[in-house]
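Just one chain is shown here, as structure tokens, and it is the form predicted alone.
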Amino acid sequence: MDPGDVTLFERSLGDATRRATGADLDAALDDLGWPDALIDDPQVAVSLLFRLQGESGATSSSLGRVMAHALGLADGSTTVLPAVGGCAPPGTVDDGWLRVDGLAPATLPDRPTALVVASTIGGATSACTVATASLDLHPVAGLDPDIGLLRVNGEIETVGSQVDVPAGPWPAAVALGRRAVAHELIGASRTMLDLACDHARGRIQFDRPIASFQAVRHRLAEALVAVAMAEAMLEAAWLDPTPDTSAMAKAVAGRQAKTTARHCQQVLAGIGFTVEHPFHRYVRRTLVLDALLGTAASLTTALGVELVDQRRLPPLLPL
């Protein structure tokens, strides 16, 4: 896309994410041609949509579509995501049985079929299209029920159709999914910072806005640095879209979202704890997003173990 098209596309996506969520947002994205943009320019499509979703708090089934795109699959089915905290395929195939344990958007019951990526005994990966009615679906309440996720379980003897997928694409699908979630974490972090800045400018103490107090300014500056660091790491991950670099970007975005939340909470003080203020919704959302496709803590640990095992540093990222 040329710069003018990107600006227009961003404006349209921003309007869609502000006024719609869930199934309505999925329909709006189809009308705007976002699936076509995902094919033509994945970086633009992913970075714009997920950042805007993070900023507005909207939800959609786009993460599954992004991972299906990376696998070269686009049959129209909703893709089942890995379980919370994990990154392994949500399905396993063994002796003719498909066992499923994963997550899906709340719109899955409206779809006749679901796409399940499964691993086999030999370590290969396959994509299975199964009837939605054959799966057990349970709403995920917990910390952020508004994110609209379902726990998906099932044990199916006969798979409706199966398409072999080379073993390599699954890590690439996880990598693209992690970059998408990192964009959403950064969008939510930006909104938390904006909420704190607005409060600091409007809150008056000792006849002065608290934004003029050095301690408050330091908190906001630390939050801004945290967001900028996550953005820089994510930009590097697009330049070098390897699984390790994408894992670094996801880990940094998750950790820095928590840093942003902590400093912004201090600036907002008591108002930030109230249900009436929107801040708590973004804190909840970032905590859940951090758990998708590996938490910041687990990814950092895995990357550290890999460095120790290989006894060498990764190549420098492109600058």
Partner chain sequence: MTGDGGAVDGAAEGLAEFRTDLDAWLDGHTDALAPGFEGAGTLDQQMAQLAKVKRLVFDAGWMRSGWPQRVGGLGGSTLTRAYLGEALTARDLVEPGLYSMTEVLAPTMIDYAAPELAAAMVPALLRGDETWCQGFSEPDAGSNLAALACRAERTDAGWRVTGQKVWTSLAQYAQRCVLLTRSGPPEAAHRGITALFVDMDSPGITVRPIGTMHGSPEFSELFFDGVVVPFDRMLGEEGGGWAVAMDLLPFERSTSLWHRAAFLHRRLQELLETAPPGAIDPYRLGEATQLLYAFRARSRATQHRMAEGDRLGPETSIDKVLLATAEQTVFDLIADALVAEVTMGDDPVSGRWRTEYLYSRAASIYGGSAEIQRNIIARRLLDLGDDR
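Residue numbers count along the first chain shown, from 1. Computed from a prediction, not measured in an experiment: that's the story for all the values here.
Heads up, the form predicted in complex with its partner chain isn't pictured, but that's what we're talking about next.
* **Contact test in the predicted bound form: Ala23 vs its partner chain, heavy atoms, 4.5 Å** => Contact check for Ala23: no, nothing within 4.5 Å of its partner chain in the predicted bound form.
* Non-hydrogen atom contact Met248 with its partner chain in the predicted bound form at 4.5 angstroms -> Because a heavy atom of Met248 falls inside 4.5 Å of its partner chain in the predicted bound form, the answer is yes.
* Contact test in the predicted bound form: Glu222 vs its partner chain, heavy atoms, 4.5 Å -> Yes, contact at 4.5 Å.
* Asked: Just to confirm, Met233 within 4.5 Å of its partner chain in the predicted bound form by heavy atoms?
  -> Answer yes; at least one heavy atom of Met233 falls within 4.5 Å of its partner chain in the predicted bound form.
* **Stretch from 138-146, 191-199, 105-113, 169-177 whose residues place a heavy atom within 4.5 Å of its partner chain in the predicted bound form** => Going by heavy atoms within 4.5 Å, the stretch is 191-199.
* Asked: Of the options Ile156, Val84, Ala211, Ala124, which one has a non-hydrogen atom that comes within 4.5 Å of its partner chain in the predicted bound form?
  -> Answer to the contact question: Ala211.
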